[in-house]
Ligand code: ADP
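Next up is one chain by itself, shown in structure tokens, the form predicted alone.
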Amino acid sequence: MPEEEPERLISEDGLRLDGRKPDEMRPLKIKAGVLKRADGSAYVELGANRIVAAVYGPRELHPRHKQKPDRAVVRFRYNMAPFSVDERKRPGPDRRSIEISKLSKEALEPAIFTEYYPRTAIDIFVEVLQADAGTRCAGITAASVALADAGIEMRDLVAACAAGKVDGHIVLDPMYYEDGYGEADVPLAMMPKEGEITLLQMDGDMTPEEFKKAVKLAKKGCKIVYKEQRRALKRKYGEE
């Protein structure tokens, strides 16, 4: 949480603290195949967020009693590096990272043809190197590209983006101060080609109409993210 709350998060002319309009995203950069020792990997910059994802597998799952005879077991670990935030974070998993790991796995699993890989494990690791709000969405976005980079069969890429309520305005992709002092946050993940939402949360207070507007705006953000995900994979594999 920022130490001092700004007087206004939205100026009188409708601009946010970083100069964006309410429906604009932060700068987004995605790169596929950044780690040599992983089966698939990706790097995402979203605003000041710096996130790397690595995928290992499908590989035989041990111990064997944890294997599923008809599908792969997807495992997801989200972690924030101690130096990723202003106040040094204690190393290792905490309650928040365990929750985000679970939600992220559930957001990605519907896109993976797990039935193609029985008795195996697909391990996904997301490391937040620098945090600036929206890390769960950026992590899901990076993990999806890493899965595709690993050659794992998927129904579609999963793109994620959040909307929020700030000074009474519905905004796209809240940044650090907006996340800390805004009235609500709505993270959303979806398979854009399928039109299927795989993650939808809300934290804070919104009217039903505001919630509908936030979901619509987050979907718009997901489509922008999706284009960048596809572009990153095309760059890696020489299709662009």
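Don't overthink the numbering: it's just position in the shown sequence, from 1. Every value quoted in this text rests on a predicted model; they were computed, and no experiment measured them.
Heads up, the form predicted together with this ligand isn't pictured, but that's what we're talking about next.
Though the partner is left out of this view, residue 85 does reach within 4.5 Å of this ligand in the predicted bound form, counting heavy atoms only.
None of the heavy atoms of residue 167 is located within 4.5 Å of this ligand in the predicted bound form.
At the 4.5 Å threshold, heavy atoms of residue 183 stay clear of this ligand in the predicted bound form, well away from it. Although the partner is absent here, residue 111 is not a contact residue: none of its heavy atoms lies within 4.5 angstroms of this ligand in the predicted bound form. When you look in the predicted bound form, the only residue of 148, 133, 107, 122 with a non-hydrogen atom within 4.5 Å of this ligand is 133.
Contact with this ligand in the predicted bound form, defined as a heavy atom within 4.5 Å, holds for exactly one of 56, 211, 43, 176, namely 176. The stretch that touches this ligand in the predicted bound form, counting heavy atoms within 4.5 Å, is 134-142, out of 69-77, 134-142, 112-120, 151-159. Looking at 110-128, no residue comes within 4.5 Å of this ligand in the predicted bound form, counting any heavy atom.
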